[in-house]
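The form predicted alone is given below as one chain in structure tokens.
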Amino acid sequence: MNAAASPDDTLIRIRGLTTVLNGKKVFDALDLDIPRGKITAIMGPSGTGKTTLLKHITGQMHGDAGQIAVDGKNVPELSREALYGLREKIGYLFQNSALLTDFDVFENVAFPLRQHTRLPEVLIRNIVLTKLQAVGLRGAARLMPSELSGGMARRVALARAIVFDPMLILYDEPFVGLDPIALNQVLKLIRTLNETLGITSVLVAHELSAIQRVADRICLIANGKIVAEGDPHGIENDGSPWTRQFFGGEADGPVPFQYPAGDYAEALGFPRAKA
């Protein structure tokens, strides 16, 4: 499904990724290119492996076959040290924000710096305040997570995700639970950060209307492969049965309503009909 792109234009290149979990083939020789400096949305029915794909990109999971190259480095073959070095260039925004409840906003953002660097306190302070300023929350530096709204918590998590000035940010369901104001704020931040910092962004999300406002490209995963990809404003009308079912909300289609099962009558104890 993917058009060939030059290595310089592609930050993430996935070829032939095959992953089997608990006997189920999650990815079936999946191919995918993520272009540099763009916002790519990964969409698809529940259970198709969207979050699992993010774990493959960061080396938290390895497939049974295939290659995943991030910035020219084949992730499954990296040493432990090299993998940690790559992860420092990747920001990750978790679905639930994953803030440390015993730390205030400032210390949540400072946490990666304290864990992975030996920077002087004055420099840590300047970096943290700069990141909080970027997400509009410098004035909330001493608030505790319990004092934050859902939208504010998501923005603090985003400040933490960019604390190392990453080349790539992975967003796992960033719009879940946000009211319209908070959603607009997060959408604006994602687009602004991408344009001002030259970051590459990968979003896993289900909200097409939000994706259409921020993404440059949508890739639809189903049946272990990329079944459709294209412009956010045109992909839903590409004529594919996959896009028609997913974006149209149809209960049945290529993704069946009924989970595979044996004969229904036999399961109820009725005798099998004779031919």
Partner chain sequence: MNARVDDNVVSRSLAQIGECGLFLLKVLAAIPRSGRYARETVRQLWFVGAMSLTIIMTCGLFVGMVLGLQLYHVLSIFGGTAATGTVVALSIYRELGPVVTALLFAGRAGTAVTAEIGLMRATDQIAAMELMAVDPLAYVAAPRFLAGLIAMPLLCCVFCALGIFGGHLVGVSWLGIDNGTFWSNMTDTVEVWQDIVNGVIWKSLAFGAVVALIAVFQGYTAPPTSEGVAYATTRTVVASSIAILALDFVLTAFLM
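Just so we're clear, the structure is a prediction, and the values are computed from it rather than from any experiment. Numbering follows the first chain given and starts at 1.
In what follows, reference is made to the form predicted together with the partner chain, a form of this protein that is not presented.
Residues with any non-hydrogen atom within 4.5 angstroms of the partner chain in the predicted bound form fall in just one of 130 to 138, 183 to 191, 96 to 104, 71 to 79: 96 to 104. Proximity of residue 116 to the partner chain in the predicted bound form: non-hydrogen atoms within 4.5 Å are present. Looking at residue 177, you'd find every heavy atom of it more than 4.5 angstroms from the partner chain in the predicted bound form.
Contact annotation for residue 148: none of its heavy atoms lies within 4.5 Å of the partner chain in the predicted bound form. When contacts are judged by a 4.5 Å heavy atom cut-off, residue 88 counts as touching the partner chain in the predicted bound form. Only one of 67, 60, 212, 223 lies close to the partner chain in the predicted bound form, with a heavy atom inside 4.5 Å, and it is 60. In the predicted bound form, 160 is the single residue of 136 to 171 with at least one heavy atom within 4.5 Å of the partner chain.
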